[in-house]
Structure formats: C-alpha cells, structure tokens
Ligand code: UGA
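Here we start with a single chain on its own, the form predicted alone, put down as structure tokens.
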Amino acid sequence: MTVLITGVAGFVGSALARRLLAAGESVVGVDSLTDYYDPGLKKENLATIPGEGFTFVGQDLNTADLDALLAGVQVVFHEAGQPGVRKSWGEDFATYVDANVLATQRLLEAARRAPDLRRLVYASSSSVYGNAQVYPTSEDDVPSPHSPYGVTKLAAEHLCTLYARNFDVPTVSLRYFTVYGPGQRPDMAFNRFIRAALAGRPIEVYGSGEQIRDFTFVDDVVTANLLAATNPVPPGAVFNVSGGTSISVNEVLDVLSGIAGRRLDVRRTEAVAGDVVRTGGSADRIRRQLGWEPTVDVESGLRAQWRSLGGDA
C-alpha cells in the first residue's frame, strides 16, 4: 500500500510514518516545515523516519501539485495544519485559514480526482467542542468552538463530510483529545513542564491549573489512524480519539513531581483566551465500530515522555 502523510515532519505525522514503514508500507510525506516552532525540531523528526520506502516532499499543500502527489496513493493521512489556540487570534488567523481550511479544501478537490484513493483520514481536534455541555462528550453533541483555531478545525472537518456526501470522497475525521508522548511539540504543556523540571527551571502554568484535559498517548493515536484507514466505515464518519483519563493540570504536575522525586517550582500566569475549562470525550463509537481502545495511561505515558527528554523514570 502507498500512503501520503501530510505534515509528516510533525509530532503525529512522523510517528505515523515510522509505524507504517515498519509494517512494510510505502510512504510519501509532505511538509512545508513552517516556523510555528523551530523547523530544526521538525528536521530531527524527519531524521527518525527510515529512508527505505519513504519519499519526502518539502512543499506547501496550497501550492503543491496535489494530483502528482496523489498518483498511486491508496490512503491519505491529513495531519498537516497550523496548531495552537493562543496564536489563532488577531492577524495570525489568516494563517490558520490558509493552513487548516484552504489547504484541506484543495486536498479534497484533488482527492475527488484520485482514482486509487480508498480513504482520507483527517486529523481533527477536540477543540471543535469548545466548552461542551456534556461530559464525556460524544460525536453527536453539537460542536461549539471556543477559539479561532477550533473554528478552522471544525470548518475543515465539515468540508471532509461535505465532500464525502456530495462526491463520495472516502473521508474519516478523527477528533484528537490532547496528544502527548515522546516527540510532542515544544509549545505543548507536557513538553514545557518536563523540560523545565529537568533543567531545574520554574514551570509556567496558564491559569489556575484546575483545567481538566483528556490526554491521549501518541501511539494510541497512531493506532486509531491505522484502524480508520483500513476498516469499513461510511464516508464522512467522525470519531473521537480520547484517552479516557480526564485529569487536571495540577494533578499532572503531581504525577511529574513523583516522577522527578522532588517538589516542582510551579509559577502561575494569566489564563489564555480561548482555553476551555474541560475536555473529555466518549470513545464508545470508535470502540464499537473500529475496535480501538486506549492502551497507555497518563502516568506511563508521562514516564515515557520524561525518558525521551533525557530524564530517568
């Protein structure tokens, strides 16, 4: 099988590429290596991807020849996009529209013309729910984004559903709930916390720390992608990918303190506009239809991430 991974130099994209190549698949990876965070870290991710069976294309989805990229491709994993709630306000919003909405629409247009395509798996986000009214939140609950980032992720998800309904493009959208683990983006909380703890620096926490998140280990997210790509599902299907352990940021810090074997220096700053109070997803649908189950609990996942950043755990 030949697969295309967009955003292949990113956290989930590179992990997905490694798993697929280990299984003997051929992988074409595309990434424009944007500077949302240090492109050098993305190049390090690329260096972890075995060369045999892997082709890298350093292009932007908004300008690339997508028909050529999709030639002979059976499955697309669309991981590319502009991440982050904090930067999605103000003038930066245009970047989010370009990277998350326009690029997805252009990819879907090319997917309509791709004769070999069997499945397009889109990396959506729990940010589409905003401050949900019900927990655990199911796919049938009405999305209500609380940030411009969430708006663009939902818009792209809606495009996937529309192309499935109108043109039979075989899309599946996966709503990721806070992905963590080795290789996590440097701006994300666990990465920041662990690096600060290992360096003996203060840990900066936005808000009270009572925010609750449903964290999902990266290996489990990769498995969800593979199941979504290979199981029969109706075009336009949407699934939560939720780790099943809702825990507050303060509780995470307690776990990290235990891993470090000492009290951590925590400093609190202002809450971030667009940051939701809680996330927590129901995995009933993906469990029932795809047989997916989270396998890594938060403490085990944090220990793995701690070790990956040079700590003993």
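For clarity, every value in this text was computed on a predicted model and none was experimentally measured. The numbering used is simple: start at 1 and walk along the sequence shown.
The same protein also has a form predicted together with the named molecule, omitted here; what follows describes it.
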I have 177, 185 and 213 flagged as a candidate spot, so tell me whether each of them has a non-hydrogen atom within 4.5 Å of the named molecule in the predicted bound form. yes
If you check 227, 73, 85, 101 against the named molecule in the predicted bound form, which one has a heavy atom within 4.5 Å? 85
Find the only residue in 69, 46, 259, 249 having a heavy atom within 4.5 Å of the named molecule in the predicted bound form. 249
Any non-hydrogen atom of residue 217 within 4.5 angstroms of the named molecule in the predicted bound form: no
Residue-level question: is residue 239 within 4.5 Å of the named molecule in the predicted bound form, judged on heavy atoms? no
May I ask you to check whether residue 275 falls inside a 4.5 Å heavy atom distance of the named molecule in the predicted bound form? yes
Even though the partner isn't displayed, in the predicted bound form is residue 149 close enough to the named molecule, meaning a heavy atom within 4.5 Å? yes
Segment that reaches the named molecule in the predicted bound form - one of 228 to 236, 112 to 120, 136 to 144, 77 to 85, heavy atoms within 4.5 Å: 77 to 85
Using a 4.5 Å cut-off on heavy atoms, what residues in 1 to 28 are near the named molecule in the predicted bound form? none
